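Let's start with one chain on its own, the form predicted alone, as structure tokens.
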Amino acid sequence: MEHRLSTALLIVAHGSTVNPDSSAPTLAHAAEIRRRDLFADVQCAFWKEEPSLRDARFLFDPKTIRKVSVVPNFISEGYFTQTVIPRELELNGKVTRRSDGQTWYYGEPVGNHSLMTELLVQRARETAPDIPENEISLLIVAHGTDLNENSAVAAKREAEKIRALGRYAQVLNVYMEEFPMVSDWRELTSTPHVVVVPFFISDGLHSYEDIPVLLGIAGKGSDSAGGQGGDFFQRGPYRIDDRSLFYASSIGTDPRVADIIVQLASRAAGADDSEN
């Protein structure tokens, strides 16, 4: 990236007050990007952890940092990327020129990047390496919500792209809180093997507790799936109704998400050129 010595990167994420694993991937990606020495500074800010989004405005000294690229470590466009982050960071569009002389560039969420399709396929392959893909139903699991229809769009898009590859018997986008429901996986699939990949940024309470219960591989209230209970994702395949269920860790934990963040930061800064 040009002007490295005066350009900083801010990675923003949700975070959690109850699960430290929520921020772990974001911090790991930041550490990797920092190691590459691509930016004058690399910082993280969170909605539910410290440093907060509101405090992020003051993380970079305007005397030395002239540009800041902001990349949301979120899966999809939605309430947080369209409302919360711009409000808390006082952004007024893709390019915000501040009174202190800094220019802030607002990038797309990581889930929008085209590399996500490759990462999802790779994660599925790693989760069930010895099973022929044409015997697998691949489920891309997202949260889903009736509050913002964009919540489900990213998973649907990725399922369509993977389906077009023609590698799997079935590729479905399923959700925790809207139809088609992940809890209905037995009725939705017909193959002897099912691979489930959570389309989430981190292995938080959803992937550790909620989804395993919905899949039927953990009992409600069980702590066996919790982050403190061992590597839950490596215990499969689970045998249910004479079928094999493989459960992967969330896609946001993939180390190559760091590459996505760097590319989105560079793309965001390029918005300045498009306005001139």
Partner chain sequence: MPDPTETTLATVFNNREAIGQILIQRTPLAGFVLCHRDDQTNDHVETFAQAEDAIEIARYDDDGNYRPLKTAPNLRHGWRLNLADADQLGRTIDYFYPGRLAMIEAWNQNRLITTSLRDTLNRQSGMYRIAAKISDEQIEEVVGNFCRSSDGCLRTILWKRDGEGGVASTELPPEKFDPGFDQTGKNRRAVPLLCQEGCSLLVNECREAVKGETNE
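The structure presented is a predicted model; accordingly, all values stated were derived computationally and were not measured. Positions refer to the first chain, counted from 1.
If you look for the form predicted in complex with its partner chain, you will not find it shown, but the lines that follow are about it.
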Full three-residue contact with its partner chain in the model of the complex, heavy atom 4.5 Å, for E50, K63 and Y79: yes
Do L38 and its partner chain share at least one heavy atom pair within 4.5 Å in the model of the complex? no
Does any heavy atom of E133 come within 4.5 Å of a heavy atom of its partner chain in the model of the complex? no
Heavy atoms within 4.5 Å of its partner chain in the model of the complex: does S266 have any? no
Using 4.5 Å between non-hydrogen atoms, is Q122 touching its partner chain in the model of the complex? no
Candidate stretches 161-169, 85-93, 112-120, 68-76, one within 4.5 Å of its partner chain in the model of the complex by heavy atom: 85-93
